[in-house]
Ligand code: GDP
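Presented below, as structure tokens, is a lone chain in the form predicted alone.
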Amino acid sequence: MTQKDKKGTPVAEKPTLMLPTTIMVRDLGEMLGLSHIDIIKELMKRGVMASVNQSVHFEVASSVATDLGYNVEQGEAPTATEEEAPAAVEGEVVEPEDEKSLQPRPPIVTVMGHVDHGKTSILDAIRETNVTAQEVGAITQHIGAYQVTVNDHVITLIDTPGHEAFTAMRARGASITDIAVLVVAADDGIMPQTKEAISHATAANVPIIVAINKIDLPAANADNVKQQLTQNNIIIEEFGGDVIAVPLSAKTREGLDDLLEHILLVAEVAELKANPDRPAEGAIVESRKHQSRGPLATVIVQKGTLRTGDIVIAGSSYGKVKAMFDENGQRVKEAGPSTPVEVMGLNKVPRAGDTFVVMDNEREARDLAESRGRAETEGTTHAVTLEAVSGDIAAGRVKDLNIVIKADTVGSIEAIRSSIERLSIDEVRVHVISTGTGNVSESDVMLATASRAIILGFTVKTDLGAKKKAEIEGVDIRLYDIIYVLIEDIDVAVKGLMEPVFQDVIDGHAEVRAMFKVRGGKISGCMVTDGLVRRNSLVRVLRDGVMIHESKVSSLRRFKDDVREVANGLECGIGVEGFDTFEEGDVIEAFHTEQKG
């Protein structure tokens, strides 16, 4: 039946497009009649970073197609490999793999813990144990990641500054860790940074192995550490849990072999595999600028094999791989799955945590890198707010509500946690990923960013650094003084009933310098002192800092011409709807409203 508009005029029906569960960017472009560069730009608007050879989930592809005028239906995937591809959450990039092409790969291990509990000592001891006397002198540089061989099996170790860096990598998409080793000093026990490391490792949903270090010291008490782990929801095997705890001493090397063997055991159970015969993908572990070699990036390859001469993009950086170096400073021509190498050839230093992919050509890589650079400059963030999550819950797009709790006392934390976890329903699970006493910190914000979580604070404040970080990353921090109000907000969000919150965004200010009579009243002769004023701006008229009128711009002119906007440093005439009693020195504040999240 032909569709008609309100006047009875026939309307052309939208074409129907069948899309599979996942679809490659290249194929989506062909179906929509667009170049893959255009498709990549459309995906970027939605916060999805994908190369031409990667695949995106149905929800993302459907959003692009719908905006381009198609009716979209979900159909069967056209190929067997796409049917075998794992389902992804909205916005996640997935890469279909043929099971026959997968081969075993080394585990990637991150070591975390309190600052002085011996993390670096353990890493150094492991490394020295694996290096022969002839090779010691060859270790000329530290590239942030290296490999060791244990019983003819390779282990890749990442030496990051701490759990904040580990979570910063996850926040930017680099979820590369297979196993987290948590270092706890036997003479010191669980410390605040240890608790944070536990939260970050647990939120990453990776297996944890506890290394109880410094057992050689007289004050060592491994049993006390085990009890404290239980109090922090880490139940070791000895107490009926599934977490391995290994007593050791980095100083005497006692227990080191046991730790490495357990890492191999956990890796064997996980059956870690990757396809080495495909374009490489991976993550930036750390980066720096060398005086003669230029930008250098330590990368770990996750899929495929990276080769000298490949064109790569990492965040808003791109370039041709001119040379690669291993942990001993030796040049290598290629690096397979789980292999760390230092790469030379990028146009600028990338951020740690950026993911990298091999592109078809340099022009394509440059265009995508420039688009990402513009997005970074504009500060494009996709905020995770309670209102936004509530809307996603109502639409059936979200099944988990992740929460970080900070409160003044342990008692308050337990009361809040038990109350909000009881709000879980069949459709939505409330998941408290971290708790702690004291003000909201930058570490809390990084954890919330990586886990797409909401931060709830009860009778605490937000550190200045955390507040700035939250604004940049788009993290929702909600502070409460009344516990039932906090619980009520979460209850409403879980039920998908929370109304969106709108916030004012200031566009600019203009100072009134003169008044002019026009037909029907007066307009103000102004100088824009910062930002800009648009023809459709909402405005407030401020006199001595006090708002005396609020409405919108009725006219905006430069000389005798109507204009769309006037920028900082330019003169203009501004008419304000419903107001004409301007005085010299008044300030017109232009703003617009945006939905929070």
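Since we're looking at a predicted model, the values are computed, not measured. In this text, residue numbers run from 1 along the sequence as written.
From this point on, the text means the form predicted together with the named molecule, which you will not see here.
The stretch among 120 to 128, 511 to 519, 463 to 471, 285 to 293 whose residues place heavy atoms within 4.5 Å of the named molecule in the predicted complex is 120 to 128. Although the partner is absent from this view, residue 505 stays clear of the named molecule in the predicted complex, with no non-hydrogen atom inside 4.5 angstroms. Remark: residue 250 counts among the residues lining the named molecule in the predicted complex, judged by a heavy atom distance of 4.5 Å or less. Although the partner is absent here, residue 217 lies within 4.5 Å of the named molecule in the predicted complex, judged by heavy atoms. The shortest heavy atom separation between residue 269 and the named molecule in the predicted complex exceeds 4.5 Å. This chain is drawn without the named molecule; in the predicted complex, the residue among 115, 425, 410, 485 with a heavy atom within 4.5 Å of it is 115.
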